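The chain that follows stands alone, in the form predicted alone, written as structure tokens.
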């Protein structure tokens, strides 16, 4: 596509083929900033590329911002959790706004993030920082004491989350002091928080000029396993209240532009609790699912939201009308082997024969022994579904958890 030099020039931080293809098909100039291993692919496919390894921010960190500034880049867009801080640091230079670095730190440190939300009057559960296993055991005891548990009652669980990992990585549910023994030393320090009972869901909001331009509610069927968009009519009933929460979040975290991906709990009495917020695209290919039902490219929407040169008209013309313009529901299921030893990939017949089944990206197993799942672990690949009914989609995704894809 012909690029328009009057529009912004964007840097994509991290490697995502779908994001790169979206940028290549768009009217903005772009450059991909990714580790060395992406070089050959970029050279072969004429993708503008700059090598950079996103290790810890160090004394060379300023160099990347200067290089991008010399090229005339307007804004950096993080594609993964690990590049959020880098984007903040780079954008504080490119946009001459030092606060953006501090903001990105808040988005990366789960404990700072909760504290900031709480200071802004957003409801959160009880949380603390844990520096060692004793801290976790003390917190587990204290939470259960507060809940007036008697000796012999089962404990209410607590959650343990690595400070700066994405989503389900480093997320453990702790019920007993024995569970605490399984946490490796390198996961400390971490955030520990009380368990919130409720309907957990996520939001993706495209923000430009401090205003929400498109808001999607993603319904989790089982955390770490499955999600679908748009949300069911039952959850969409809460859209007005959810929008209010996101507006509060934008204000408290001082967000002017970009895409945010917060998670919430809706309790049985209709209260909404903030879980966490990420300043990047969501996992589980939600951007791709949105394209299946709405027909717009969410990565291109993200470029528009980040680009300071985007006009009001472009934004309003780009995004469809939430829910009304969706053509059914799109969902995906993350497959994790249920057996300890597997020899081959076998898609269950009932999955393949279901009218909602679309495709999968599972590959044959590389090794026979399945590594024990620590925390929520990482799935082996996704299976995609699309159909007209939210209840059917929910039931279908739930059912996949009982099936074996690797035998």
Partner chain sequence: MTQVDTADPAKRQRLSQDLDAAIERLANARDFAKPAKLMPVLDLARRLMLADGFAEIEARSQALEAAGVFAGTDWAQPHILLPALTCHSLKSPSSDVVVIEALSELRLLAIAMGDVVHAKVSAEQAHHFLTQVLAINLSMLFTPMSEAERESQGRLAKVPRAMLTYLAERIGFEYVMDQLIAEIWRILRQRPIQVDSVKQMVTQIAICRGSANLNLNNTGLGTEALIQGADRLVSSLFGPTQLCREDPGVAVYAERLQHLDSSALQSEAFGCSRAMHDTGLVSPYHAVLLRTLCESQPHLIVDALGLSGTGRDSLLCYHDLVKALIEEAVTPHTPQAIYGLTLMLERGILYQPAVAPSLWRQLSLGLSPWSQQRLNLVFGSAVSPRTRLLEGVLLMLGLPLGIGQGNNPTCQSARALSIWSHIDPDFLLQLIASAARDDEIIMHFEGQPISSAPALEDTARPLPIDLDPVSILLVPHLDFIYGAMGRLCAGREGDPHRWINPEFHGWRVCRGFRINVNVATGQLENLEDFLRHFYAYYHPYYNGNQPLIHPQPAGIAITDSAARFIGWHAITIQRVALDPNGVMRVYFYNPNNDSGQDWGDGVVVCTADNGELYGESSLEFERFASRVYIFHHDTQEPGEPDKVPMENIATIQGYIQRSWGKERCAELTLQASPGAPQA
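Keep in mind that what you see is a predicted model, and the values were worked out from it rather than measured. Residue numbers count along the first chain shown, from 1.
The protein also exists as the form predicted together with its partner chain; that form is not presented, and the subsequent description refers to it.
Against its partner chain in the model of the complex, the set 241, 311 and 321 makes no contact: no member has a heavy atom within 4.5 Å.
Residue 50 falls outside the set of residues with a heavy atom inside 4.5 Å of its partner chain in the model of the complex. By the criterion of a heavy atom within 4.5 Å, residue 40 is excluded from the residues contacting its partner chain in the model of the complex. Among heavy atoms of residue 359, some come within 4.5 Å of its partner chain in the model of the complex. Within 4.5 Å of any heavy atom of its partner chain in the model of the complex lies no heavy atom of residue 110. For the options 36, 352, 367, 55, the residue carrying a heavy atom within 4.5 angstroms of its partner chain in the model of the complex is 352. Exactly one listed residue, out of 171, 292, 261, 116, brings a non-hydrogen atom to within 4.5 Å of its partner chain in the model of the complex: 292. Residues from 20 to 54 that approach its partner chain in the model of the complex with a non-hydrogen atom closer than or equal to 4.5 Å are 20, 21, 24, 25, 41, 45, 47, in the order they occur in the chain.
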